[in-house]
Every structure is written in structure tokens, then in C-alpha cells.
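Quick setup: one chain, the form predicted alone, written in C-alpha cells, and binding and motion questions come after.
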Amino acid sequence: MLPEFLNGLVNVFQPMTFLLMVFGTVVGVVIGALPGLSGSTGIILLLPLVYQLDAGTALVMLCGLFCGSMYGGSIAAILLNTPGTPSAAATVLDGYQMCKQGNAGKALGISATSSFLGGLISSICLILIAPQLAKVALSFHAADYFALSLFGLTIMASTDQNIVKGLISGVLGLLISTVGIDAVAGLDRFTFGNYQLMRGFQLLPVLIGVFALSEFLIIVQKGGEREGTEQAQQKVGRVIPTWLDLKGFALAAIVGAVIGVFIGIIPGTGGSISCFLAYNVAKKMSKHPEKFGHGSPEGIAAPEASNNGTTGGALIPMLTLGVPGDVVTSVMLGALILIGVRPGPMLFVESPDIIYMIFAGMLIVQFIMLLAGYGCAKISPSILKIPQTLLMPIIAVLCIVGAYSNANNMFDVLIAIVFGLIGFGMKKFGYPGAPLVLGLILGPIAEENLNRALVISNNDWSVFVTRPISCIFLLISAASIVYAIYTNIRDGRKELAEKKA
């Protein structure tokens, strides 16, 4: 393992690869800092560039963007009281309070340092856990992969606040994945005589529409500039934490990082869940819990270390099982498929050079992110004052160009626009977009392995419950849905009781 890792380090420090990794990380910080944008949007905007790169270089650049956007969300959370990404939602509680006290630089420094610690711990866990999990996954059969695909779909849907809307979105994605030529029978399905649909809905235009163009339409509908820019105009003082500061929040950061790694490994979760869990745990462990919510350094360190801890954790199921750990890695999974890399246990056997390049890149990215975080903290007020009237048209043009570059086909641009309208409607009515995309990705995998399993077993459906791995995944899938339904009912009753009171 050590020789392969050292070879990965050598590849990462190739001049062009290293420059692109720095570029991806800085772009991620900037995109994460802009409210309304996220790491998934950044990955989509960089997809046309990814096409021109070799797989290893493209992946480390995307990893840099992923990690950078996780930290970048804290910049808006601290300066504007608006989380740049959902993963920075808990950072608002103490970050903005510290900013109002005139300690914006200190808050940004704590956030960058904690993000670095969280990302470093998660990268080490990725290196240690992923190869072992891949060895176990090599024993998977067709029935196991079908159950795993189903597990990924149910987890992603059941983590949304509304279980019904999450499942509807996921089912819609599955239905969309059936358009095109049936791989088993060789017949057209739902093409309605349009030969362009014989290849199905291509992933890139759908991603661009659901995540990027829909966000553009939402912001256009609002018609105004983002609120709170006056807070971003305050002077940022010292950024790098002192040794005394570090001692005060180091334990909270480490605890948050560990929580983030474990939450990230669970498919369909992510930083938006782990940040609040880490915040609550840190508050219970703190010697000064009364300071939380009033500018506590630990209240910034724990959620920031946690949401960056999910980065390496989320890559573990994506690389070893082909099931994304969160929304960003679901988009990244689509990017990997588009450039010809199929995540899963065979990736560790067929392309170990790519795997160890990712491992080495994730470690180096953390140091780049730390330096970029300290540097961007000084200029972050300027980043946050970029007018949306200037920013959003540029993003819209890049989306159209990216959709066209998929196959030099205007039909893909039309698909992106249609799914942009669909995504806009889904966001307006509270339907999540991630399950739809995940259904589009995992639908063909589930269908293929369902058919293979039935062919091998002579149409014996009991194969899905007699194989231990398949049975376990089916039980976990059912349990996740039941738990989500239970929590929704419980929360609904609680809200109703509060209204009556």
C-alpha cells in the first residue's frame, strides 16, 4: 500500500495536476461562500473542463472543489448570517455572533483551521477504510448489487424532511431512467417516436438543469440582491488562531471530525446532518455550554470540522460501492461515469493508480484549503459583494455551454432547460432534486442487476432474501423508510402540539 500511495503523491505533484487541484480548491471556496451556490453546482460548471483531463487529474480537482466548498459555506455564515451551503447551517449560530462582536477574522480563522482538521482526519480514514471495504464488496453478486442500489435510493429519499416528497422525487428519477432502449429486450421505451430519446436522458444535461439552471431561475424570480452585505463590509482582523485559541477548540474539532466521518459513510446523509449533531455533542462536552449561541469558538469548530469530516467519509461508499454519501458525491458520481470511471470494488483492482491518486490528493487538498481559507478570509467581504445580477447570467451561459459540450447536440441544451424548469418547480414545492438524480444514476444499475439475478436464479425471487448481504441491505432499506416515516409523524405531532399551545 505504501509504494502505491507514494506513487499517488508523485502524480499529484505533477505541475499541471497540482495547479488544477489548487484551482479546484480555490473555486470551491469561492462558490461555497456565495449563498445559493454549492459544491454540486461547482462540479457541474467544471464538467466541460473535466472532459479534457485524464481521470486522475480530474478527480483530484473535483475533490479539491468538494472540500473547498465545504469550508467556503462558513464565510457567508459568519459574515452574512446566511450559510453559503446547507452544511454551514450550524456555523451561523456562533459564527455570526462572533462577527457582530468584531471578531470576524478570528471566527474565519477558527473555521478554516477546524475544516482542515476535519478534512485531514477524514482523509486518513478514507485511506484506511476504503481498501478494506472494497475487498468485502468484491464478494457481491447481482442480487447484492440490486439490494445495494435500492438501499442508496431509499436512504437518499428518506433523509429529506418530507419522506413522501423524497420518495416521489426518487421514483420520478427511476421512471426517467427507463426512457430509451431496453437493455434486455432491445425495444424502445417511452421515446414517442423521437430518435433523440433512444439514448435516454443524458446525465450531464439533467444535472445542469436540476441543480444549476433551477437555482438560476429561483434567484431570478426573487429579483433582488442577497441580503446582509453590509455586515460583510466590516474589517477582518487577525485570522490565524493563536496557540491558546487552538487549545480551546481543538477537542471540539476532533470530536466533530469523528462524527462527520461516521455520518459521511452512511449513504444519503452529509454535512447538513452532521453539523448539528456535532454542535449538540460539543455543547454537552464543553466546560462552558452557556457560551454556545453567543460566539463560542467551540460552536464554530465542531460543525466546521464535522462537515469537512464528511468529505472523506462520503467518498468511501461512493468509491467502494458506487453509492454516493451525499448530494455533492451523487453529482460527483455522475461526473465519474461521464469521464468513463465506474466506481465500485473493481475500481480498486483495475485502476489502483486512480484510487491512490485520490487518496494522496485528498491529503494535500486539506493543506491547500487551509492556506486558501486564510487567504480568502482577508478578501471574503469582496467575494460576497459580487452582484447577483452579474454572477447569475454568467452561470446560466456556462450551463448552456456545458450542456451543449456533452455531445455537441442542441437537444441536450433543450433537455437541460426542461429539467431546469422541472427543478425550479420541485424547489418551489419542496421536492428535493438529489433523489431524482440518484434515481437516474442507480435506476439502470438496479434494473441490470435485477435481471441478472433473476436469470441466474431461474426467476427465483427468493434469491434476494436467501443471500445474506442482499437480505441485510433490504432490511436496512425498509428500516430507513420506517424510521423516516416515524420521525415525520413525530415531528408533525410536535408541531401540532406547539401550535395548540
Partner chain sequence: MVKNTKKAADFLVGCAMIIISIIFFVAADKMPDSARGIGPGDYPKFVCVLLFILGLVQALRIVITEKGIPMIDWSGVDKRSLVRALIMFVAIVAYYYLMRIIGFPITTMVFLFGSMMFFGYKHKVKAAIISIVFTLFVYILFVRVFQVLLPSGFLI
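As the structure is a prediction and not an experimental result, all values here were calculated from the model. Take the two forms, superpose them, and find the largest set of C-alpha atoms that agree within 1.5 Å; that set is the rigid core. Positions refer to the first chain, counted from 1.
The next section is about a form of this same protein that is not shown, the form predicted together with the partner chain.
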- [ ] Decide whether S351 counts as a contact residue for the partner chain in the predicted bound form under a heavy atom distance cut-off of 4.5 Å.
- [x] no
Task: A112: touches the partner chain in the predicted bound form, heavy atom cutoff 4.5 angstroms - done: no
Open item on the list: Considering non-hydrogen atoms and a 4.5 Å limit, does the partner chain approach S462 in the predicted bound form?
Closed with: no
Open item on the list: Considering non-hydrogen atoms and a 4.5 Å limit, does the partner chain approach Y145 in the predicted bound form?
Closed with: no
Open item on the list: Please tell me which of I219, L370, L93, I364 lies within 4.5 Å of the partner chain in the predicted bound form, judged by heavy atoms.
Closed with: I219
Task: Answer option from L421, I379, I129, I337, heavy atom within 4.5 Å of the partner chain in the predicted bound form - done: L421
Task: Interface stretch in the predicted bound form with the partner chain - options 465 to 473, 22 to 30, 451 to 459, 60 to 68, non-hydrogen atom within 4.5 Å - done: 451 to 459
TODO: May I ask whether D182, F190 and V401 each come within 4.5 Å of the partner chain in the predicted bound form, counting any non-hydrogen atom?
DONE: yes
- [ ] Determine the residues of 429 to 445 with a heavy atom within 4.5 Å of the partner chain in the predicted bound form and present them in sequence order; the list may be empty.
- [x] F429, Y431, G443
- [ ] Classify N488 as shifted (yes) or not shifted (no) between this form and the one not shown, where shifted means its C-alpha moves by 2 Å or more with the rigid core superposed.
- [x] yes
Open item on the list: Aligned on the rigid core, do the two forms place the Cα of L19 2 Å or more apart, comparing between this form and the one not shown?
Closed with: no
Task: C-alpha of V10 moved at least 2 Å between this form and the one not shown on rigid core - done: no
